[in-house]
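As structure tokens, one chain now follows by itself in the form predicted alone.
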Amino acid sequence: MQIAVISGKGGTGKSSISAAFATLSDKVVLADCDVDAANLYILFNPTHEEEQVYISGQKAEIDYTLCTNCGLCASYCRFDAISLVNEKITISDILCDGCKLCSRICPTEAISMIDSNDSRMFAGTFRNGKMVYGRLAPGEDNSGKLVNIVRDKAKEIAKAENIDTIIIDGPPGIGCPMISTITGVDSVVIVTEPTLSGKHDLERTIEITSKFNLKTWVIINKFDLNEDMTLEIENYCRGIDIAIAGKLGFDPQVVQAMVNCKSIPEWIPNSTISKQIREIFENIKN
């Protein structure tokens, strides 16, 4: 069973809930598909049993033995990636979009395109099973493709290890990485918060998940910080026949759990919030 935990915006507590789900089963495969800002590896410190280079595109590189610093490339670059610094043409790795225009117009053929190979997919073991995650290097793109690589590896490991449950921590927002995260999963859990922006982004996210005909659940995190907005969200979900998996109150111990590299059920197993998360998880699985 593949369960994807997503959110329409950042800061809702999505990764904390993903981590909690991952430590409520005897053995799971945990896939961190928030490749632009992966963080669950910090919490779980998995072993690195496999590493795969991800080529996201190409970047321009200058051969200074051929470059005459004429500046033609800088004048044509629409991304402001090329500049003259101390009378020397330089190309920013982060700003370069890999469009190849500079390499085509260079009169001395001093610019060539090289593969962007700083991004990685990692796979290994953590305390509750296996973990796969991707890390997209700064300035590199096509994160949806890296998400696919992470998910394929997670499914491969689950099959090889005979593990029934895959927990997927998705990226915030509704862009390409989120689409890659939810495609073909069994259930989607949307974590929202009781704010106007939280409700707005929840609506956008549900609009996407509904097109995939996926079983969708909603968790309202920190619901007690704004109970009027919580009620609005509940009424909205009921009106479109979306199940509320549960509501979680604000608890400062969540931060303490992260500081100590623990999930919420690991840090405070007998607390109200841990019991609520356990009930939510069992409800979603069944």
Partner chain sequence: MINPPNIKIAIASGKGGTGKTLVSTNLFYTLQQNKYPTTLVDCDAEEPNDLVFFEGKLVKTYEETQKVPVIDKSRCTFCGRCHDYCNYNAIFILPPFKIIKVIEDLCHGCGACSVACNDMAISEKDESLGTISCFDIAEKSIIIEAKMKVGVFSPVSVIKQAIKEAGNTGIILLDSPPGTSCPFIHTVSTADFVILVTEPTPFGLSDLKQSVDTLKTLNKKYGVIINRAGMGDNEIYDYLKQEHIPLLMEIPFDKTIARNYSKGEIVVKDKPEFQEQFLTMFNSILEQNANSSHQR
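Numbering follows the first chain given and starts at 1. Everything numeric in this text was worked out from a predicted model, so none of it was measured.
Here the subject shifts to the form predicted in complex with the partner chain, a form of this protein not shown in this document.
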With heavy atoms only and a cut-off of 4.5 Å, decide whether Ile94 touches the partner chain in the predicted bound form. yes
Although the partner chain is absent from this view, report whether Leu72 comes within 4.5 Å of it in the predicted bound form, heavy atoms only. no
Contact with the partner chain in the predicted bound form for Lys215, defined as at least one heavy atom pair within 4.5 Å: yes or no? no
Can Ser197 be called a contact residue for the partner chain in the predicted bound form at 4.5 Å between heavy atoms? yes
Answer key: of Lys88, Lys211, Lys159, Arg127, within 4.5 Å of the partner chain in the predicted bound form (heavy atoms) is Lys211
Glu49, Gly184 and Ile284 - do all three of these have some heavy atom no more than 4.5 Å from the partner chain in the predicted bound form? no
Based on heavy atom distances of at most 4.5 Å to the partner chain in the predicted bound form, which listed stretch, 184-192, 104-112, 118-126, 147-155, is the contact stretch? 104-112
Does any residue in 135-165 get within 4.5 Å of the partner chain in the predicted bound form, counting heavy atoms only, and if so which ones? Leu136, Pro138, Gly139, Glu140, Asp141
